[in-house]
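First, one chain by itself in structure tokens, the form predicted alone.
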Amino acid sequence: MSAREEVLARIRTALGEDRAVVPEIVRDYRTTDERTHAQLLDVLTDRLEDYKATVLRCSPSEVAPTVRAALGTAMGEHSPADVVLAPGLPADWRPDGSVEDDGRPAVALADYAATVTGVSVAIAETGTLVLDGSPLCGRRALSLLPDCLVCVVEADQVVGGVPEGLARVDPTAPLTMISGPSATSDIELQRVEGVHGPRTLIVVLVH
């Protein structure tokens, strides 16, 4: 008998033959949202701003200038070469002079002041952006190490609740869920930003 089999056998013995049957899980939670898409965009904006993120709205033709404006506000004196991009970011979203992530060691990403990615889905009710490790979103380290994260969200990627959002992603993908800039509080409730991820989150909402 292997160690695994022995452990499982002991668990079965401890539970006994007359152990209670596990009840069926009731899944009667809401899976759709009746609000209009315009309302969902407003809710997403409200939630993100409540979490101290910045939301910039624009039309599809204004993505690149809006991304440049966001970076200019967040980065100050830094140059475009200090911006690293997800490899699958569309060409017309890319600021001139920025650098594409080429798989360099993750620690090297900390040398950049900002990163620009897309998202897999955005959940309005919780103000959550979901990145799935795809070329559009980039690897997880890309969204965690630079001090500023700019995420481009298209209107058709916005859903109402968590069940809708999870239904759109691959459950086996390396999902990163972002609700506002990185922040934590110590025992004195002093808020500290940038400990576990970007200090600044800017969302470019395209609609």
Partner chain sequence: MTGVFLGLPTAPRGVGHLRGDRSFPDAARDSLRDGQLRANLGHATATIRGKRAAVVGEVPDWAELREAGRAIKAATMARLDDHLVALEEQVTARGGTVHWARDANEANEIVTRLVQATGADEVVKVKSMATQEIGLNEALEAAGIAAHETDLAELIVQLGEDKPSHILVPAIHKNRAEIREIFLRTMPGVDPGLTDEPRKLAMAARAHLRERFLRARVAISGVNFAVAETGTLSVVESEGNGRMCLTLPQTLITVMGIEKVVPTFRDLEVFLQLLPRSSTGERMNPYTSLWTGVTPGDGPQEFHLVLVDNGRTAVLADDAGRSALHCIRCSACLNVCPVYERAGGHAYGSVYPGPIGAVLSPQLTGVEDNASLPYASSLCGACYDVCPVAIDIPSILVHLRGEHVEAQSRTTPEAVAFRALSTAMSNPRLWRLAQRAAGLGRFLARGRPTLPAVLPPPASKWTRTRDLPTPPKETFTQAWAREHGS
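The structure displayed is predicted, hence computed values, not measured ones. Positions refer to the first chain, counted from 1.
The same protein also exists as the form predicted together with the partner chain; that form is not shown, yet it is the one meant from here on.
Taking the partner from the other structure, the partner chain in the predicted bound form has a heavy atom within 4.5 Å of a heavy atom of V107. Within this chain, S120 is remote from the site of the partner chain in the predicted bound form, having no heavy atom within 4.5 Å. For the chain shown alone, T128 is a contact residue for the partner chain in the predicted bound form, at least one non-hydrogen atom being within 4.5 angstroms. Proximity of T172 to the partner chain in the predicted bound form: non-hydrogen atoms within 4.5 Å are present. In summary, among the residues L40, V153, A141, A64, the only one with a non-hydrogen atom within 4.5 Å of the partner chain in the predicted bound form is A141. The partner is absent here, but in the predicted bound form a heavy atom of R30, alone among R30, K52, R68, R57, sits within 4.5 Å of the partner chain.
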